[in-house]
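As structure tokens, one chain now follows by itself in the form predicted on its own.
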Amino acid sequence: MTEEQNGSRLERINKIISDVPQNTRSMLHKVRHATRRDVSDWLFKGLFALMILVAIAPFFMLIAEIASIGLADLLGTGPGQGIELFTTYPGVGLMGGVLNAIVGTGTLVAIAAAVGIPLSIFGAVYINEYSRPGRMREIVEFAADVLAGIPSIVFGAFGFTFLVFYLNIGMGMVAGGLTLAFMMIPTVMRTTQEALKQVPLSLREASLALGATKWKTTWSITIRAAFPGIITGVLLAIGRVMGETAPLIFTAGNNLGAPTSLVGPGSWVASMPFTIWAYISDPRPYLQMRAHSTALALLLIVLAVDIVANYASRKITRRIV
């Protein structure tokens, strides 16, 4: 190859490079002048990006699988489809909607929240603000950590033995709600404790130095400063119990309508997770489709609760902090 040909080829290469966008040229320059340190950084960056993709992929796969079957039922116009899914009770052959499950889930979560949230928050406040560090605090924290890891089926067996039989409450919304409350306690208690620990000690000392009592400091300063973290723990706990099935098999029973009493057979209540499990186990195709649409509705309800609670949390936090 002559010098003239080499010069012509070099000009063509320079022209091609000059036509490339500035960002691409910068990237090519980095690649050409990359050191061993740069290569190792790129490899680890790519590895971490791959890990996060693998971590979040199941969420989108789950949404796609449920929506691919349930969306047609959710947007349909047949019996129990569309808006009727949320506004009608199951009819003959379970052809209607799942209003019984929606009412039941709301009732169970309300009972669980009314009992579990105050117990958890005030328990965490006592442990963190009033008890001295020592063996007793360690035992309580260890017990809460162990409770958080216990499978839900064990909570169901405990609720069935202790609430249904020993206390003779019987199956129904009270036994089911209290069992879910037991499940909420470790999550809310530990997240509340961690939120309280993040409040600077100087805030408490300043309040006490100004003459406030211990209780006034705890209520007006510490809890308010930790409020966003407490709300996060409450949302996590509500999201968990809203999707639980196993404890309710033993404690809540099932009902094709709304509960009519607090105790007794009239208090038996359906729930959305239990309905999904029952319908998906049925060989009838339209019930399996109904199970997917109910699962999609449950996801939308959990998402709506999360959005509304976060919005309310930000509003309340701006007002009180």
Partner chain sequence: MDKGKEMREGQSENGNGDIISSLLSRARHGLWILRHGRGGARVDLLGKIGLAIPAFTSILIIVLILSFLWFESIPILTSDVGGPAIFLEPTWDPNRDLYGIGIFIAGSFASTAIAIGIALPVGIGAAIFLSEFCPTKIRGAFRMIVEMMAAVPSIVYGLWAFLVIVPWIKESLAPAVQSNPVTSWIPFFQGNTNGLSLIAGGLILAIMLLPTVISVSDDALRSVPQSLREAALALGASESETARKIVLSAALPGVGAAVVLSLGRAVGETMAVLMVTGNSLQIPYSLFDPCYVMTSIITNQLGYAYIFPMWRSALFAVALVLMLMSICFTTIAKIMIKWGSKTRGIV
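The term rigid core refers to the maximal set of C-alpha atoms that superpose within 1.5 Å between the two forms. Quick caveat, the model's predicted, so the values are computed rather than measured. Positions refer to the first chain, counted from 1.
Another form, the form predicted in complex with its partner chain, is not on view; read the next lines as being about it.
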- Would you mind picking out the stretch of 76-84, 198-206, 105-113, 148-156 that comes within 4.5 angstroms of its partner chain in the model of the complex, counting non-hydrogen atoms? 148-156
- Report whether the minimum heavy atom distance between Y286 and its partner chain in the model of the complex is within 4.5 Å. no
- Query: Taking heavy atoms and a 4.5 Å cut-off, does L303 contact its partner chain in the model of the complex?
  - Reply: yes
- Is M27 close enough to touch its partner chain in the model of the complex, meaning at least one heavy atom pair within 4.5 Å? no
- Consider L71 of the chain shown here, and say whether it contacts its partner chain in the model of the complex, taking contact as heavy atoms within 4.5 Å. no
- Item | Residues from 272-290 in contact with its partner chain (non-hydrogen atom within 4.5 Å) in the model of the complex | P273, I276, W277, I280, Q288
- Does W277 move its CA by 2 angstroms or more between the shown form and the other one when the core is aligned? no
- Query: When the two forms are laid on each other by their rigid core, does T260 show a Cα shift of 2 Å or more between the shown form and the other one?
  - Reply: no
- Note on A55-G233 C-alpha separation in the model of the complex, which departs from the shown form by 3 angstroms or more: farther
